[in-house]
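As structure tokens, one chain now follows by itself in the form predicted on its own.
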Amino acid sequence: MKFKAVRLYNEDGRRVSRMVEQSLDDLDPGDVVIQSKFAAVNYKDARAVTGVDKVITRYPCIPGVEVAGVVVESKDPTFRAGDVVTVQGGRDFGMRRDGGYSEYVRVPAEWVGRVPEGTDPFESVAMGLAAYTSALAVEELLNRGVTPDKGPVLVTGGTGGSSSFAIDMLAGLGYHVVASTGKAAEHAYLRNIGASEIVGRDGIAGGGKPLEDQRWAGAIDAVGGKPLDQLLRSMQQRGVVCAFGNAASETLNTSIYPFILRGVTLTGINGNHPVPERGSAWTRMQPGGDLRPRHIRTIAYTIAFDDLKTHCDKLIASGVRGRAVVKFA
């Protein structure tokens, strides 16, 4: 049996991805073989496919850290042929071992999670790591006392997949959500998924002083760099910033004053957990949960497998919104 996959190669120091023809014997070993139906496109995946950064550390390797599909073969009694399952996240899948950009994947059974009842494979991957990471951030805000009555919450990188889900979830809980974006043409989209206000990338803080006017009770930052510095300098007393992205920069130059004079908290959010290891945030995202996104099919959309490389180029150039999901034929 032959099938298509995207493989990343290291050719004289250049990272190059190609669509190739594979067989099961070409895949890394594992207990469960899955026929892929959908695979998500994260910023990390786009960096891998385009070769922009050293996301993958083993060559050749199939990128893609999320996939959903149907079990066709299992050596583990936990799963049987016909089961609808998903593989998302973990330290190795799609980075150090063959990942989801393949019409068939083979993985250890402990990486596999069942698609919850009431959620189809598309929705499971459409939410996936993006919505789960945002759900962790929302939970963190709540656990640290940033409730809707405390004031506005800012979300940076508003049109990105994770940020879009964060806006959706926060608005569903009754927060006054302010979205930050540099894309003037996407204001209607942001309001549609729950943003009450929209500010430009330079509208987060009023100026360049170490401390600016206190504006935000909480914030979810998906970009890092200068916008994160602006956030910290304009947080309310004892405000909380949850950070998980680096689209603007992976470095941060800021002042100590927000921390020692206003008691601001900066907490990192890492959502790279396999589905079987996820806790309350994942449960709350399922049908009937209070963090279930209301606009999954507005935020997420499908692309053809053959269009993956083109889409990844656009994602790196900030030319897309929401969350793309590869639909396998």
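One-based numbering along the sequence shown. Bear in mind the structure is a predicted one, so any value in this text is a computation, not a measurement.
This protein has a second form, the form predicted together with a small molecule, left out of what is shown; the following refers to that one.
At least one heavy atom of G182 is located within 4.5 Å of the small molecule in the model of the complex. The small molecule is not shown here, and in the model of the complex it never comes within 4.5 Å of any heavy atom of Q88. The small molecule in the model of the complex comes within 4.5 Å of no heavy atom belonging to L141. Of the heavy atoms in R106, none are within 4.5 Å of the small molecule in the model of the complex. Among the residues T159, S124, S102, S234, the one placing a heavy atom within 4.5 Å of the small molecule in the model of the complex is T159. Partner contacts here mean any heavy atom within 4.5 Å of the small molecule in the model of the complex, and among 255-263, 89-97, 211-219, 127-135 they occur only in 127-135. For a residue to qualify, one of its non-hydrogen atoms must sit within 4.5 Å of the small molecule in the model of the complex; all three of N42, R201 and L315 qualify.
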